[in-house]
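Next up: the same protein chain in two forms, each one alone, written as structure tokens (structure 1, then structure 2).
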Structure 1
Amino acid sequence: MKTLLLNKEDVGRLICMKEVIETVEEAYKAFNSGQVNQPPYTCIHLPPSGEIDFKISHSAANEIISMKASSGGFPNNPIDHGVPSGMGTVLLFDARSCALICVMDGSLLTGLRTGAAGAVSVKALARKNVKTVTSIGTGKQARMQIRAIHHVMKIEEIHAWDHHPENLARYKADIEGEFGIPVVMARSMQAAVEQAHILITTTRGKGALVEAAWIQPGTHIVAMGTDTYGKQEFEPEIFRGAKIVNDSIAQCIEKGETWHPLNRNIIRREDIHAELGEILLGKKPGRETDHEITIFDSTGMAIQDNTTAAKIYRNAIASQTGTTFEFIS
């Protein structure tokens, strides 16, 4: 029995952002069609700041079981061990036999599928013909969001803000160089948010909050930074009266941005409009007016890893990329 091995370079060559956006849509649709089994994930904390998470899912749609181990929070890794501060590994099993069909590096996967999630929400929930994107946060995922959203709309201007001016300047240089989209370095978070047609937050969820008074009517919010209890990016008042969409309601009310307004009784659970897959499947409406504020709160789901890694695997088979190894002969 041959198992395909794919290294980081292989993975990077085997899929493009357009395909990731498609596989994340496929994931959300499968999730809201009752075709996904996605148990709570397992986290091992490794003090002082490290952790490794194991996220498992089964899709009856593609008959693949995926297990992604992803680590982070080891800043001394490059110097002490000669490896990155965070890494990932993905196993894929054929659900019909449980044969191990692929072991691939998973370093790129989380970034790609998280970026794509923002783009899928923009397609479903943002006003048509909007032009400006505001990015609160300027790290890797902030860039990935632009890379993905750039595929689904024409971005004419980006307003960006970061607590650290040097990070902001680097972001501006990189984004303008890669995409040719002008980046305005905002003088304050408020100034950036007030310009937003689409507002993306990708911070560590430990800094100043975006305030409700700054949000313009019609804004679509992509709230990506809060994926664990204890993180927060928004004044909870923002959720009052907004159209709230989650990737997984069960996850978001427990550890997403949506937890905060629920905890403060600003909204009730029934005020959550939908899971994104329900909108993609036409079970619930997306945006209905130009004035409403839409919020997509995402905590990330194992099924996104599943469908994206499965596509990488299929592309590898089709292009005869990778190495094989027989764990059982």
Structure 2
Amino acid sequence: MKTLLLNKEDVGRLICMKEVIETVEEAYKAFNSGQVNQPPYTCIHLPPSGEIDFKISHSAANEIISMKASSGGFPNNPIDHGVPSGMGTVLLFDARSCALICVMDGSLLTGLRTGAAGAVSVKALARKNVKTVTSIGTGKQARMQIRAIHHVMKIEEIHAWDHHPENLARYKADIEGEFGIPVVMARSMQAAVEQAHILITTTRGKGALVEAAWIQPGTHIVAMGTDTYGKQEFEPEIFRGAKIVNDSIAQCIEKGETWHPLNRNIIRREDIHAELGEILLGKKPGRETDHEITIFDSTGMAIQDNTTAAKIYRNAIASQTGTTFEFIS
């Protein structure tokens, strides 16, 4: 049999953000419908700041097994090794035979499905007709969040903050050039957060960056930066009285932002309102008032990689994109 090989350029041509949003919704629904086998993911920390995650899942809906290796935190890679600071690779197996059917670049896929996750949470949990987004962090994922959320709401203004003024200025120029949405470079993190209808955080934070006193009633928080032990972006007090929604409760109470208020006894396990798939399936309500603060804590799930990669694979087969090689004779 032949195995399909798809590089980053192939992946970029084979799927659009609208399709990714649809596949991520599909993933959350499948997860909360008993159609997914998703073992806990493994993270190996590599000093001084690097890490590599391994995420595996099986979807009964598409009979695909996916395995993704994703690395990050290697700033010297381009100079020392001639490769990016973060990389990803996805393997797809036919669950009926366990034959390897596809090897594809996973770096762009990870960025796309993470951005789409934020957009799905906005659809389910943000107030209707909100117009202002705040971005804490201005890197690749901060931009991807805007690209995805732009598909589900009309963004009229973005308030942004970054530790590094040059990064903030570059973000403003890039976002305004791509979308024509005005970007306000905030004088402080507090000033940016206080303007948020939707607050996106995409830092590699190691402490409570965002304070509870800054969060306005009715804010929807898209917490993307904390996905493993040792990371934190929010003062745990923010979770007290908020509507807390996880992608996977099992992951978030161990490796997500939700761990911090649990560890401080600010909330209990039963204070977590739902997993996002439960809301999408109508098993639990989403936002119920314009005043409640909603938090989507996302650690990233292997099933998101699975459904997105499966769609890319199907599109590749239909369009005869990529190259093949004989892996199993």
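This one's a predicted model, so the numbers in the text were calculated from it and none came from an experiment. Here, a residue number simply tells you its place in the sequence of structure 1, counted from 1. By rigid core we mean the largest C-alpha set that fits within 1.5 Å across both forms.
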Of structures 1 and 2, the form predicted on its own: 2
N76 C-alpha relocation of at least 2 Å between structure 1 and structure 2, rigid core basis: yes
